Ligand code: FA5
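We begin with a single chain expressed as structure tokens, specifically the form predicted on its own.
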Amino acid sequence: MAEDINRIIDELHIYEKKVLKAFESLGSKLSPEEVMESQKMDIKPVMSAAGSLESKGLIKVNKKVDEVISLSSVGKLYAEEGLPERRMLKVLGEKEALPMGELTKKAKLDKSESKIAIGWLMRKRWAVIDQGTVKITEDGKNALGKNENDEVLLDKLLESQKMLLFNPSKIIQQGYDLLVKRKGLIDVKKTTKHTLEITQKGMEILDAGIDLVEAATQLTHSQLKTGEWKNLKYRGYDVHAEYPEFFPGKMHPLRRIIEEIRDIFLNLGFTESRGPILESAFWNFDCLFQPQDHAAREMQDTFYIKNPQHSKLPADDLVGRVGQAHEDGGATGSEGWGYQWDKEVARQSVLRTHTTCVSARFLSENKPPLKMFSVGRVFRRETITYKHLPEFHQVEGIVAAEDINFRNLLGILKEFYKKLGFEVRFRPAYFPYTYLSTECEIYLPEKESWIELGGAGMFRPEVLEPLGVETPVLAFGLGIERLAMIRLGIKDIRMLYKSDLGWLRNLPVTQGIDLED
């Protein structure tokens, strides 16, 4: 116990020692001002030391907040001449009913005061308005001979100038509640008084004795150079002391997951590509063999842009081959979609609905063999809900090479999901631009269920032939926000974009987040 007391004394700052010393001669309860005077200190170090001593359990800091109320210039005028509604009531006491304009004139009120008076007449139930005529009520007649609580308080403040609002009577409290609802009638000034009270533990420290010798907490260059540091008394350091909570800058969790996905593909030997957010319908739909009457191209699913309304198309020969593939299959051996393809529809400007258009552009500009991935934002006309957003992220990838096949596609996807820490399975699916096609599902052990995360397949000849690609091409894509929700253990996709500082600060800094649901 003695060792514990000596350790505490050794760790005290000189200001803390002085505050404790004040109790030795002045008693167990002191005001900060008494400490200031006895120890020749300023108020700031006194209160700082008091807070530190309280955290160590050596003193208690009691705080009392007093409210002092007084009249403003407008409040003083109303106290002397009467509240606007009282002046109107006096006129109504003589006439009982008057048109609003005449009542205002007889009460000698201006336009702004008249509005205030009418409002409070109604609130206090002193009068009613009937087709522009103000009529006194029974409550109003009863109020003619006596002051209401707010008027009582006005009179008292006019007499006393100031009033301490401490444990007020019912009349004063109700009067105060009415007056504070009116702007500018009373001024409220809050004063805070502190009382410092020493604890039993603090008394034990005083009994053990405190030496008011200032202890060093840091050394100067001069002290080190001259050797003066050898003769200094050093303040003890509390290794158990609380430290302030701090929040270092860190990457947003969604961005962190995107970077994790990028690292996986880069380590698998993929090249990263990017594409424009504002895209032509040609690259977003037509080049991917989506017919021009496809439901996904309607306004309900796609953001069409007014300015610029049309986008530039690529070379005429590529445009012609794509159009021919739609109409009759062209040189692909397919029958196509069997309609007359419209070049003007392909020129429409859209916000890209997927990142597969990046893959199409990349194939048109690069020759196989190749491995490419792209991460970017896509846009769809979705209603915002806990699981849908009109703007989200997708990751897209393609591999083109001789003799590549569907089994290679499944192997790449298994390796990708394995690196993310998921078990994956595949089930058949349909996409306009791939055949064979599959959807990827990952297993969630805590829910004992599978959830769909992305689609994949082999690009159809109708996609590849117009682009001049003669080798097989496998393609895959997945939505990143859904993956982020699983990794972060959240049920509402909007959480990723809310900038909730509490949630963001509590997320771990490290990669591979795996929070409980």
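Please read all numbers here as calculations on a predicted model, not as lab measurements. We number the residues from 1 along the sequence you see.
We do not show the form predicted together with this ligand, though everything after this point is about it.
Checked against this ligand in the predicted complex, the candidates Ala475, Leu30, Ile59, Val46 yield a single residue with a heavy atom inside 4.5 Å, and that residue is Ala475. A heavy atom within 4.5 Å of this ligand in the predicted complex is found for exactly one of Glu452, Asp492, Glu67, Asp42: Glu452. Contact with this ligand, judged by heavy atoms within 4.5 Å in the predicted complex, is confined among 98-106, 77-85, 353-361, 208-216 to 353-361.
Looking at Asp150, you'd find every heavy atom of it more than 4.5 angstroms from this ligand in the predicted complex.
Using a 4.5 Å cutoff between non-hydrogen atoms, Pro466 does not count as a contact of this ligand in the predicted complex. This ligand is not drawn, but in the predicted complex it has no heavy atom within 4.5 Å of Glu197. For Ala456, a non-hydrogen atom is located within 4.5 Å of this ligand in the predicted complex, even though that partner is not displayed.
The candidate site formed by Asp139, Leu144 and Asp177 is entirely out of contact with this ligand in the predicted complex, as no residue has a non-hydrogen atom within 4.5 angstroms of it. Contact annotation for 371-403: residues with any non-hydrogen atom within 4.5 angstroms of this ligand in the predicted complex are Arg380, Glu382, Lys387, His388, Leu389, Phe392, Gln394, Glu396, listed in sequence order.
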